[in-house]
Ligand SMILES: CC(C)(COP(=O)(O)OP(=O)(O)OC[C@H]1O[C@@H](n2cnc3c(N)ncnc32)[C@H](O)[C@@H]1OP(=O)(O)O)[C@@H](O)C(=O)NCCC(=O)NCCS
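Consider the single chain below, provided in structure tokens and representing the form predicted alone.
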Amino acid sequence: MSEMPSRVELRPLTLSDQDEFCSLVRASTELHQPWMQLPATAEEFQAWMRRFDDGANLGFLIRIKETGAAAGMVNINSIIRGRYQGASLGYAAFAPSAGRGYITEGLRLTLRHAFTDLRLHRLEANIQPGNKASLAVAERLGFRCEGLSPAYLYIDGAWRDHERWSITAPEPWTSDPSLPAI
């Protein structure tokens, strides 16, 4: 069965996205709390963008092809090479277009980019157990639940438990040159 063409595209997040991003974050407060905290002001956004400076973290907007609107965001965080060849994913929908499958499609493109272009072997998504929408996205994409990480991330003023979900690259996989031969 052939894959349907995607209604979205991945675009690298840039400083020029600041106003749109912050506006969408503010419009999505009810959707995101207490699950995550994204930058909602210019100062927060500029500080947050520095995390992408060294290449260990990559940020993308998921844009709807038809309109160009940002439907959500996804980060490939803490890229580790060597014997691990993995990273963690962070993702969020923006309220104006939530619930229409755009994040699932955007994450499908992210997985393809991570496993093919970046040649990563493993991706993890750490999700709070009560975040049913995010858990459903991970399941739809073929992630496996590997267990619970108590007090995993500090979000909204408290250490929050997270379920650890993972997916590995489909075979055949082309390894990155940083993978040791032995």
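In case it trips you up, residue 1 is the first one in the sequence shown, and so on. Since this is a predicted model, take the numbers as computed values, not measurements.
There is another form of this protein, the form predicted in complex with the named molecule, and it is not shown here; the text below is about that form.
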| property | result |
| --- | --- |
| Contact flag, residue 133 vs the named molecule in the predicted complex, heavy atom cut 4.5 Å | yes |
| Distance check, residue 32 to the named molecule in the predicted complex, heavy atom within 4.5 Å | yes |
| The named molecule contact at residue 93 in the predicted complex, heavy atom, 4.5 Å | yes |
| Any non-hydrogen atom of residue 140 within 4.5 angstroms of the named molecule in the predicted complex | yes |
| Interface residue in the predicted complex among 61, 36, 58, 120, criterion: non-hydrogen atom within 4.5 angstroms of the named molecule | 36 |
| Partner-facing stretch of 124-132, 144-152, 50-58, 109-117, counted where any non-hydrogen atom is within 4.5 angstroms of the named molecule in the predicted complex | 124-132 |
| Neighbours of the named molecule in the predicted complex among 69-106 [non-hydrogen atom within 4.5 angstroms] | 91, 92, 93, 98, 99, 100, 101, 102, 103, 104 |
